[in-house]
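First structure 1, then structure 2: two forms of the same chain, each alone, as structure tokens.
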Structure 1
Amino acid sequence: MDYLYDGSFDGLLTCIYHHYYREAATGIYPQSFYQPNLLSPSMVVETDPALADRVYRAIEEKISARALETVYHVYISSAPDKENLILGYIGLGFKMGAKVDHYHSHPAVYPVHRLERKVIGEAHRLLGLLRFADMGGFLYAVMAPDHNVLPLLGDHFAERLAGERWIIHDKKRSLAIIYNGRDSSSCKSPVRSRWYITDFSYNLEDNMPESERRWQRLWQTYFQKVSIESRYNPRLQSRCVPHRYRRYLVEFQIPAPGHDSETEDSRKRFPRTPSIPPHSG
């Protein structure tokens, strides 16, 4: 029996509950992307938070809290078979307990750990690559990551930019983190309760104030000026800042023609960016 769910984490855990207490699943798939198979019947599973909570607690108590984090990290990945990787990992975990994570080469563990490393690695990289623009009343950052890492970024920026109002927009998934700007020094609620993720399809870049555009042009000019041709290392640069992230990095955008003749001349002489951009949040 193929179980189909609504794409939510609770929905996935509900399917896992039915796998153990109703009928073993041949596979778990998001309902919106499922391709019917004549050889395997399917059933849409309605998300039940109570059943999901039972599975949540079972993973935490019978395997480990670390395994629960691993399951969530794999869930927010973009891997097409992530649900079935999680199902196999949990099945082995219920048999082995916390020792499951010691079997690094096991076929039910290795792909899960590898995928988790990719998700965590991308989240860590974006902590340094995100660029915020001052939109007047709030800060705004845009990204299009491979995985849905927004939930892993909220706490960091809620602490680092505690007194600011900001939005981090994932254009690839039309989602955004919204933070209301309350100062953490006067707020006793947990950091995670001060931000939330919501659907977001607005294109705020078109409404960027001219003052912010001027600052961005100055930043681009700075990068052009500090470039050292003899130290240009495109391989190192690509490893530190992959090309897929550069679309939303100000320093990798070509300044608008005519805004600064000196900048234009320097770009013609040396149209390169530094080997490693500065780390900023």
Structure 2
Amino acid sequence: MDYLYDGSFDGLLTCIYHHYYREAATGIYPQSFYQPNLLSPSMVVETDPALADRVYRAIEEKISARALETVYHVYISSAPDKENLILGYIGLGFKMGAKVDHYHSHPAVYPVHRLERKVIGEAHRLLGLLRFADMGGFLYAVMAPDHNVLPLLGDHFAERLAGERWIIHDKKRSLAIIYNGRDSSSCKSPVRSRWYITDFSYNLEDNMPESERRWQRLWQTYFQKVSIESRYNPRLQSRCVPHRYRRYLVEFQIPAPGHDSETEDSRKRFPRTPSIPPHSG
């Protein structure tokens, strides 16, 4: 039996509950992307927070709190078969307990750990690569990450920019974190309760006030000036800042004569000895 869920974390956990108490699942898939096939019947599972909570606590108590985090991190990834990876990982976890995380190279554990590393890695990367713009009264940042890392960014910026009001917009998924600043009532409340994620489809990028350009110009100047010309190494730079992130980075939006001609110029000025491509011939 294939179980279909609504895409929420609770929905996924409900499916896992039914996997153990109703009928073993052949697979779990999000309802919206499911392609029915003749060989395995499917069933839409209605999300039940009470059942989800039981699975949630079972993972925490019977496996470990760390394993619960792992499951959540894999859930927010965009791997197409993440639900089944989670199913396999939890299955082994209920057998082995906390020791499951020692078994790094097990086929049910290795892909889960690897995926988790990617998700955490991207979240960490974005802690640095996110760029806020002062829109006059609030800060606004746009991103389009590979994985749905928004929930992992909230606490960090809520603590760091506690006195500001800000929005982090995930353009790819039309979601955003809204943080409304420090007020007297929320000062003592835990950091997690001060921000929330909501659907968000406004495009605020074009409304940037002119005064913001001045700070962006300063940053772009700084960015260009601290580079040492005789160490020019764009391959290293590409490894550290992959091109897909550059669209939303102020320092890579160098105004006319255009970013591309700019790099070509520098290539002419600092020729490098050509390296042999790995698969020449």
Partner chain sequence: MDILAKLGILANAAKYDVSCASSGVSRKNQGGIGNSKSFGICHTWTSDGRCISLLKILLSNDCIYDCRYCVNRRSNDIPRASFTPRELAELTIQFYRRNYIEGLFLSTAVERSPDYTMEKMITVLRLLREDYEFNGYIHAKVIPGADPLLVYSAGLLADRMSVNIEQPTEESLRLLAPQKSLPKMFASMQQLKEEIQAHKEARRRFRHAPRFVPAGQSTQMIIGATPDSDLTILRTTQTLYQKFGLKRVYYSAYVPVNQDSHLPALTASPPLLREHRLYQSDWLMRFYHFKAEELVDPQHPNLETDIDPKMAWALRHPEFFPVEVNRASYEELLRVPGIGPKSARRIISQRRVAAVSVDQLKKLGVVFKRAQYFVTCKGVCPAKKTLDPAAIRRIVAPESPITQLSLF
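Computed from a prediction, not measured in an experiment: that's the story for all the values here. Heads up, when I say rigid core I mean the largest set of C-alphas that superpose within 1.5 Å between the two forms. Just so we're on the same page, residue numbers count up from 1 along structure 1's sequence.
Matching the description of the form predicted alone is structure 1; structure 2 comes from elsewhere. Residue 246: CA moves less than 2 Å between structure 1 and structure 2 after rigid-core fitting.
With the core held fixed, the Cα of residue 219 is displaced between structure 1 and structure 2 by 2 Å or more.
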